[in-house]
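Take a look at this single chain, the form predicted on its own, given in structure tokens.
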């Protein structure tokens, strides 16, 4: 695979997608998002960390990084020629790009998940969910592709288009090259990442956490959804949760921008993703701001969370 003298694991993203026979327009869309990430990582490295609406030294309006990231991605998607509709965590409504939806895609994305972590120099990421046609309010099982980009010590891109989960890393030329193919989740893990305040856990959640601890699981939680999911996926084991809480029965994370794409990736790697009472990818979204509890990672750990919730609430 690749040019003569090139190993498989030096293969560029576009070439890899082509050799995996990913649809041409879907390949273009994935590569547009990859290109947008180059501008986002540059903004993270060099940009001001001010609040949107303030002015910089020259009197120019300053953009918060999440707002700037949103503009970067929206511009790339708008000019891609393959997008019908898009919706972002930063926008209040679905944005129509083309009235002709035939052969095009709809995209839901979180441009900079965990953006509040940038000023303390922790990892953040971009999350993307892709559907065929013009409707973005579909169950996650209908996704044709999902991906995230992690801006950490390395910048990595993880995607699936229904044929396994593959990881790429940005090199010195700011090009993504293959690092790992077919990431796989073990049935049971030794790490857990619990979001939410523990004093607000319901009895079932408290019992699940106690079960994980009693079985030697180590707590690993950064406060960033992308790096925490990336840790579980790349290590191939563990469970992340942001459960229903006593004061937040629907949890915190958004179905469209966060849960559906990550659930798709984890399932493609042989893991599971549940609300605690059912499969994330079977949720029927009623609006762009829908939220749900999430237990995601190794299958046996997720099943155990469901069991404790069924027994104790």
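These figures come from a predicted structure and were not determined experimentally. Residue numbers count along the first chain shown, from 1.
The discussion below concerns the form predicted together with a small molecule, not included here.
- Using a 4.5 Å cutoff between non-hydrogen atoms, residue 224 counts as a contact of the small molecule in the predicted bound form.
- Residue contact check for residue 176: none of its heavy atoms lie within 4.5 Å of the small molecule in the predicted bound form.
- Proximity of residue 253 to the small molecule in the predicted bound form falls within the 4.5 Å heavy atom cutoff.
- Put simply, residue 242 is close to the small molecule in the predicted bound form: some heavy atom of it is within 4.5 Å.
- Exactly one of the stretches 70 to 78, 130 to 138, 113 to 121, 151 to 159 approaches the small molecule in the predicted bound form with heavy atoms within 4.5 Å, and it is 113 to 121.
- Just one of 32, 66, 267, 258 comes within 4.5 Å of the small molecule in the predicted bound form, counting any heavy atom, and that one is 258.
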